[in-house]
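Heads up, the chain below is alone and in the form predicted alone; it's given as structure tokens.
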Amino acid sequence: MNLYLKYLSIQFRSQLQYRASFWLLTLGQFFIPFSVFAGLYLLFDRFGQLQSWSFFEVALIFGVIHMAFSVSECFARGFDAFSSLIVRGDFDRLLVRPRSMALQVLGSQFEFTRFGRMLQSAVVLAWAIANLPIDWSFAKAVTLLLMIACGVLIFTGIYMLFATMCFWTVQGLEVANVFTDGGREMAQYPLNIYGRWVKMFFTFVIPFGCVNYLPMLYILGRTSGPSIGYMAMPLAGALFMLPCLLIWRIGVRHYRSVGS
């Protein structure tokens, strides 16, 4: 952790060298997602509800998934931009250092301007919570935090999977955006509005439904069975990271250097 915090400090100070640019980009990241949220607001303003879901219930789902995405985009940017390390041959330098490859790639790049997107997500989250009659308890508060934390792990795992593909393709694949940006757009709505195959895929393959929709049913008091199962659902995000880490290690072992 000391090494990781040093990476954070170095990257943060380097990005603050151009303060005006940094703060303008952060401000832009705060306002850009509002266009998406405005679309959500206008949808409910026109139709009132979405399959029995009210505006503030969907806003709570929106806030959780966008918070998870912005945190992952900020702190896992090294995997998202991993192809540049392969193209420039910089990954060879990482291999000779006596530290974890995953840690070094995580520390290679951070996007602190994404703090603006995090703040916007926090505002939506707080607004939704303030307008919902939720009977809060310690268990529900922990469940909400687990939803955000494990959502971060899912997005990070996806970045890691497509970074691993760069060992064979060299350049990054734009198809990754289907699962990161596309997954975010899909998961900002309740999962039950989609078709069966979508619900199955985003529950058992990429478990966005387990970190957003299913535990949200428990928080909103929409469940009829034992609560413990819904509370534990976000942990599927942690389980999703295990095969991602395994595939990453396989990719590292098969890396053959760029040569010179």
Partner chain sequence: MSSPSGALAEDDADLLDAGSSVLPRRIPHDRACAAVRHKNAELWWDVPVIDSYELLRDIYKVPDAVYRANLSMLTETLQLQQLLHTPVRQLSLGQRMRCEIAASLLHGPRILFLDEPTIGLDAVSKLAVRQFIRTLNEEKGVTVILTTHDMSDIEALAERILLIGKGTLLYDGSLTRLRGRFGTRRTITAEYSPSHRPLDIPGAQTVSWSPERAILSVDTSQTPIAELLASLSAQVELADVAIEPMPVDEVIAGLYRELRL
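This structure is a prediction, so every number in the text was calculated from the model and none was measured. Residue numbers count along the first chain shown, from 1.
The following text describes the form predicted together with its partner chain, which does not appear among the structures shown.
| query | in the predicted bound form, which of the listed residues (Leu145, Val96, Ala126, Val175) lies with a heavy atom within 4.5 Å of its partner chain? | reply | Residue within 4.5 Å of the partner: Val96.
| Complete contact of Ser21, Phe112 and Gly183 with its partner chain in the predicted bound form (any heavy atom, 4.5 Å) | No, because Ser21, Phe112 and Gly183 lack any heavy atom that approaches its partner chain to within 4.5 Å in the predicted bound form.
| Ile10 within 4.5 Å of its partner chain in the predicted bound form, heavy atoms | Yes, Ile10 lies within 4.5 Å of its partner chain in the predicted bound form.
| request: Report the stretch among 128 to 136, 114 to 122, 162 to 170, 82 to 90 that approaches its partner chain in the predicted bound form to within 4.5 Å, counting heavy atoms only. | output: One stretch meets the cut-off, namely 82 to 90.
| task | Check each residue of 14 to 29 against its partner chain in the predicted bound form and list those with a heavy atom within 4.5 Å, in sequence order. | result | Sequence-ordered list: Ser14, Gln17, Tyr18.
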